[in-house]
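Next come structure tokens for two forms of one protein chain, structure 1 first, structure 2 second.
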Structure 1
């Protein structure tokens, strides 16, 4: 609710009160309206000040309200107009946060005072909506179109100092904001309010408004990757430049309703809640977040300073965790140190713009060494050497001897068996998988893998570490490839099969990028390096000298196999690093992928050699074979109890694999198109390619269809406990 009181002298104080973030519930809005009317009617009140309880202004409307079908009651727009029309000056005192509807309330006030540590923004776009209480019309009138577009279409939070430069707030204070706002209100009593009413202001003109808007639209569309909200945010702001305020507000409402009923807003809100849901982890044997506390991490170590290790060290330093970085010899150590320092300098520059500093020259915070004995007092070690089981086991055996008994031993592996690594130690309960994603200081996902013996405390500590690093930690069970890479395998495999059958890498990539992936499977493969998978396949005995003579080129263990990626590697085509892979690049290390005539010719010869009749493959088949095989693997993972629920798979795919967020993750997407349709299509493709296991429908998928296609949140109630492999 909002509490009304008389402040110093003639200023009425209205406090928004709805812990923890003063969300604008119906009760709060009703009380705000009553408070304004009382202040207006009270002749002894000369000015009004609106603030939030507990050092937070307001985080806006409660997001759960958007998804509930019964939205009725007090709309926010008219209350903001009521604030603006007040004959007495209204001052907003912004502390903590003013987001979404909270910022719209502040824009309705005649003046805004902010605490130096406050943040403001319109995050609606991130949940598939736009500011729906006249914010898209008032903000451009106050700070101009370019700045308003940036804030509304990106959803970013802006600090008070930037808000002051933009003219979004009138004053920034370091002391008590509420008292400063009351003093300010007393000063402006009796001053004309017309110029302070944003709905009456014209939008500041740009000399080249039309050219600016058409360029801005191209940029917004490019960054949106098929997401509707940024484009409709743009349309709403554009309406402010072309129409009177009241018409602009009507346009905003119309666009808001389009978004509200679009599937995208539901998908983005699902993703928002799923990310919170996965923090509440449980394991099949009953361990859970409720009954387990993490151990504090006062000092950490990272072993191996390749690409992954460097990113992990950078993440730890940014999180203010003292870290020891270890390499096998001085030459590698010096190379690693240089690279880490460069990354940290870049991060420090970014942070200084947000007025934070990064202390990384102090050896107590960051130490480089080749001496394992230095690790005797660390609380947690993250091993980040390359994917080789023998090497990892050797390191873990050593760590088990050197580290203190309470230290947690983490392995940054993308696929290897956690239990086998743990078997090299005398403390398997302290061993856990922490699968970072490259570049580790940028990517938000951390897959946390528990083995057979991993203790609940080790899991809780890894989850806490993810939080400290500002990452999304998802707890999953131990199997080859865990969740993310295990589901990625059939997806990439189908992409390669499609190219064998007559498609081209650029055609497959285009279909998946049009669906919303930031990067298609072949560009992704070129970026990661084709040699990584090649090394893994050699290790599994699928290719190379270890194959018995007479092994058919396109069969392994009775299943279809494509040697195409192996053949590219044999031609030293490893992707971007060599300037050639599935595409050609301007130079080794180049970034711009161009279709390669050599490859098209090579594919034609390959099909001739293996008597494959080239056929035309349409976009629908490309999309369904790649996505449905990935989703199918997801159902197997759920049936085996490797992940606690479909949300876990979706959070992993959105944050680690570039799945388009506005489609809510692969399992959510499956639930929206309907499981019967996925089952029918998998059966059709499986009949056409009976030797491809990834296309044979999962028993769990079949069961859910037989049960009448229940909603996603009920899926796990149909999972039979016997199938649990853990």
Structure 2
């Protein structure tokens, strides 16, 4: 709702009230309209001030309302016009946030006063929409086309100080914003309102508007990766430059409706709520966020300053957590120190642009050492050495001796068994997996893996750490590859099988990049380094010296196996770092992937050697075999209770594996395709390839189809406790 009250003297106060973020529900909008009409009708009211309850103006329209079948109700646009038409000055007092429809309300007001810590923006593009309450028409009239396009097509939040420079707000205050706005309203009583009505203003002209717009469109399309909303946001702003206000509003509405019914908006809004839902973690034995408090992390340590360790140290410093960084010897320590300092200097430069500072030259905040004893007083250790169980166990054994009793011991691993690592310590309840993604100071995902003995407090503390690092922490159970990599294995395996059968790396990558992945599986493998998987396969006895003599080249444990990735490594093709992998690069460390005739020849010879008849593989088969095998593994993960729900898998894939957010994550995508279709296709492909377990439909998928393809929200109610492997 919105509360109506009288402020000092002749100012009516309308306070938006809908905790926690004052979203503009139908009730709030109705109350806002009633308040405006009441103020208009009262001759003793000379001005109106609109603010939000609890130090937040408004987070905009209620996002849940967009997918509600009863969406029709009080529309926001007309209420904003009502505010603008008021004959009494209306002042917005912006505290906390004014986002989306909230900012549109503020733009309808004649004046805007913001608190210095407030943020504003039009994040609609991030949930697949555009500012559909006349915002695309008012904002360019107020701050000009370049700034409006930037804000509307990126959805970025801008701080009040920037808003003041852009002319988006009239005043920024450090004191009580509501009182300042009431004083301001009193001062402007009687002043002409015409020039303050944005719908009456012309859009500021640019000397080269046409050229500017065509360049801007190219940039917007390039960054969109198949997402519709940025381009339609652009079209709406363009309409403001070409048409009168009323026509621009009509165009805005038309584009808004296209987006609303596109399916992408639904996917992006699902992703928005999924990200919040996974914060409310639970485990199969009943531990949960509700009943567990995290421990404070006042000081942390990172062991190992390779690529991952460097990124993790940088993340911790950025989060203002004092860090001890440890390496095994002085040579590695110096190399690590240099690399960390370089990363931090770059981060400091970026932060200075946003008027923030980064303190990392102070040894009390960042200390480098080779001495384990220095870790005696840290609250949490993140071990980030390479994937070697024996080494990790040795380190954890040492840590459990040196660290203080309450310290949490985290291992950054992408696949190894948390329980086995924990077994090397005297405190397995304080051991937890924290799987960072590279580069660790950039990537948002943190997979948090609890073992058999991990305490709820350790889980809560790791979740809290993720928040402090501005990451999305997703809590999952312990199995080989956890959630993300476990689902990735069959996906990459299919990509390699497709190449064996007749496709090419560039063809497979193209299909998956057209689908919306930032990078296809072969480009990704080249970037990560082919030797990483090779080492792991050697460790598992799948290749290398420990392979029993006589093992068929293309079979392991009775299942199909492709030795192609091993053969590339045997030819010293490790990917980008060696300038050759599935592609060729301009030099070792180069980044521009070019199809490689050597590889094409090599593939032809390989197929000849193994009597594989090359066949043409179409895009549909590439997409389905890669994606459906990944999704199929997801159903097994859900059945085993490794993740609490499909949202977890989707958040992991969007934030850690470049899955296109506008497709909502793999499990959401599966729900939009329809589970019966996925099952039928998997059945078809598994009949053609009976020796590939990843294509055998998951029992849980079959069960859901048998239960009538229930909506994603209901899937977990069909999971049986017996199949829980935790």
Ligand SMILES: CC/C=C\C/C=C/C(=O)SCCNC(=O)CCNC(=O)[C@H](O)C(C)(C)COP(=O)(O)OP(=O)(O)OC[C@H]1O[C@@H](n2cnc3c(N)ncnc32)[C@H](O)[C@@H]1OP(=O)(O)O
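Please read these numbers as outputs of a predicted model, since none were measured by experiment. In this text, the rigid core denotes the largest set of C-alpha atoms whose superposition between the two forms falls within 1.5 Å. Positions refer to the first chain, counted from 1.
A.B. asks: I want to make sure I have the labels right. Is the form predicted in complex with this ligand structure 1, or is it structure 2?
C.D. replies: Pick structure 2 here.
A.B. asks: After fitting the rigid core, is the C-alpha of residue 37 off by 2 Å or more between structure 1 and structure 2?
C.D. replies: Moves: yes, 2 Å or greater.
A.B. asks: After core superposition, I'd like to know whether residue 670 moves between structure 1 and structure 2 (criterion: C-alpha shift of 2 angstroms or more).
C.D. replies: Moves: no, less than 2 Å.
A.B. asks: With both forms fitted on the core, check whether the Cα of residue 108 differs by 2 Å or more between structure 1 and structure 2.
C.D. replies: True for residue 108: a C-alpha shift of 2 Å or more.
A.B. asks: Please state the CA displacement of residue 182 between structure 1 and structure 2 in angstrom, with both forms fitted on the core.
C.D. replies: Comparing between structure 1 and structure 2 after core fitting, residue 182 shifts 5.1 Å at its C-alpha.
A.B. asks: Rigid core superposed, I'd like the Cα shift of residue 170 between structure 1 and structure 2 in Å.
C.D. replies: On core superposition, this C-alpha lies 3.6 Å from its counterpart.
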